[in-house]
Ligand code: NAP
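As structure tokens, one chain now follows by itself in the form predicted alone.
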């Protein structure tokens, strides 16, 4: 264990668990906590870490707390549970995707407790989390970011300081507009290719090698053509992110047509019971599924 940075991780879901595992491999992971006890028990059997009985116990034992939860209220709830154990001078880095306003609210609460805050949403998918090759978009004081840099470097390939608290989440909102737009185009195009009876393997190879190539096409093209939607970024979570994008756009009095179209599509998929599927499940709508 690195004596300088003892890191605790709260949230061992699809992204949190592999990030925590990379921290363990770098000798930075001290303690973990997760709402689902069976998940955390399985995790600690594979790593040199300790299960915290409560978030407050984790906060008291760690210099850096990394959170990875699903939604805004989850983050604020976890912070409330951490507060009794927060040590002055510690830093909480949140890798969740929440609104910039929620990030600023979290920072204010933690500041009063003597704790720094960095909003550091990530991009790169479950694959990037496993490989430690995520892209981190950080918002916060440069001093806090410098202090936690070994933690960020253990989970990522790039760390970019975007500005004050909230800037990381604003950047992630931009990222999600692109993710949604690319998914709309790729899923529509591949459904179109099926109607044209084109050979899928050769199609993916040729279009992926040219200007139409993208992360989404490379990592999800084959699986969606094979109707496999069980691994990756959940439809319900992208819908949540896009609603954040809509809220930000409304605050600026602008209209984002790609976001609005994507919200409509992903709401339909959630209503169809596909909320836990990868976002590439959008191809079902493009094929005309009901």
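Numbering follows the first chain given and starts at 1. Since we're looking at a predicted model, the values are computed, not measured.
A second form of this protein, the form predicted together with the ligand, is not displayed here; the remarks below concern that form.
(message) Contact check in the predicted complex: 126, 172 and 233 versus the ligand, with a cutoff of 4.5 Å between any heavy atoms. Do all three pass?
(response) Every residue of the candidate spot has a heavy atom within 4.5 Å of the ligand in the predicted complex.
(request) Could you check which residue among 105, 74, 153, 188 gets a heavy atom within 4.5 Å of the ligand in the predicted complex? (result) Partner contact (heavy atom, 4.5 Å) among the options: 74.
(request) Name the single residue among 228, 246, 26, 39 that comes within 4.5 Å of the ligand in the predicted complex, judging by heavy atoms. (result) By the 4.5 Å heavy-atom cutoff, the listed residue in contact is 39.
(request) Spell out, yes or no, whether the shortest heavy atom distance between residue 13 and the ligand in the predicted complex is within 4.5 Å. (result) Residue-level check for residue 13: yes, a contact with the ligand.
(request) Verify the contact flag for residue 43: yes if a non-hydrogen atom of it lies within 4.5 Å of a non-hydrogen atom of the ligand in the predicted complex, no if not. (result) So residue 43 does not count as contacting the ligand.
(message) Taking the ligand as it sits in the predicted complex, is residue 69 near enough to touch it, meaning that at least one heavy atom pair lies within 4.5 angstroms?
(response) Yes, contact at 4.5 Å.
(message) Although the partner isn't part of this model, could you tell me whether residue 241 comes within 4.5 Å of the ligand in the predicted complex, counting any heavy atom of the residue?
(response) Looking in the predicted complex, residue contacts with the ligand include residue 241, since a heavy atom lies within 4.5 Å.
(message) Taking 4.5 angstroms as the heavy atom distance cut-off, pick the stretch from 90 to 98, 180 to 188, 159 to 167, 194 to 202 that is near the ligand in the predicted complex.
(response) Only one stretch passes the 4.5 Å heavy-atom test: 90 to 98.
(message) Using a 4.5 Å heavy atom cutoff, which residues in 30 to 53 contact the ligand in the predicted complex? It's fine if the answer is none.
(response) Going through 30 to 53 in order - heavy atoms within 4.5 Å of the ligand in the predicted complex - the hits are 33, 34, 35, 36, 39.
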